[in-house]
Structures are given as structure tokens and as C-alpha cells.
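Before any questions on binding or motion, here is one chain by itself as C-alpha cells, the form predicted alone.
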């Protein structure tokens, strides 16, 4: 599809940033699409942590990983993305990916919360390795999504030691999803 959806663009842009043996975090596992991408990107010697607050999301992610033969590369963690620094421990990820909003196919009333997301992004920017990438796909088209997207954009653009970009469709309404990328200086 052209132009690509923000998640497709994210994968294309991250392909050249992640190398075999890297550590990466999918902070919002959802149905596992980003987790599978990261597991492929880090290779057989790399490692991925996928976090989600919903057991249903982790089960879906596990099935997708199994079907791709990638399950052994990924640790699934049921919890809030705001705890990602504790979950990562002393490891410094090359990439941290967020896909905000609700679980596609799940309860649309259960959404990522702005306060937790901002806490998670702050922790992510701290633990990211030098020249690592922080990526956030925002979905302003649902209740609460517009507030979260605006707060995330303000946070990302406030990061001084990072290069930041916003990718989105133009001439669309304000509910169109968009991608925020930030590369830490190194």
C-alpha cells in the first residue's frame, strides 16, 4: 500500500537500524506484528521483550511468534509499559516500539493511558542505547487517543539529545494515525 501505513513505514525505517544480536522492546505487543518484526530483525542471537497489559494480546503474540518460528527470541511480559525500565533490567535496547490505542479485535474501551505512556516514554528515552531509536505510532481517532497523541508528540519533541521526526498523511482529518521517531544521539 502506498503511502505506507505508519507501522509499515516504521518497519522499513527500523530495518537499517537494528542488527543481529541486538536487544529490542515492543512496549505494546498487541497482536504481535511489531514483535515478529523485531524478532526477525535481532536475528537468532538477539532478544526481544514484548509487553502488554492484556493476556489476550500476549496469547495472540505467542501464536504469531510460534507460527513464524521466532518464539525463543522473545520474552513475553504481562504488565504495563510504564514498567519497561524494570522489565529491561540492565540491558540497553537498540529500539523501543510503541503502538498506542486499543487491541485490534479486543475491547476498544481498554486503551493505553496518557499518564502511563508518558512515564513509559520517559523511561524508554533513558534506557535506550546511544543511537537507539524510539518509535511511537499514535492513533488520535478514538476516545482518549487524541489527548494521548498530542501529549506524546509534545514529549517526543522535547527530547533535546535526540533527532526527531513525524510522519503522517497530509490533507487528512486529525484522526489519521501518525508515526513519531526519535533517534538518540551517540
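Positions refer to the first chain, counted from 1. Because the structure is a prediction, the values reported are computed rather than measured.
If you look for the form predicted together with another copy of the chain, you will not find it shown, but the lines that follow are about it.
Only one of the listed residues (133, 137, 49, 124) places a non-hydrogen atom within 4.5 angstroms of another copy of the chain in the model of the complex, and that residue is 133. At the 4.5 Å threshold, heavy atoms of residue 65 stay clear of another copy of the chain in the model of the complex, well away from it. For the chain shown alone, residue 158 is a contact residue for another copy of the chain in the model of the complex, at least one non-hydrogen atom being within 4.5 angstroms. Interface membership of residue 17, defined by any non-hydrogen atom within 4.5 Å of another copy of the chain in the model of the complex, is confirmed. Proximity of residue 168 to another copy of the chain in the model of the complex falls within the 4.5 Å heavy atom cutoff. Contacts between 9-24 and another copy of the chain, taken as any heavy atom within 4.5 Å in the model of the complex, involve 9, 12, 13, 14, 17.
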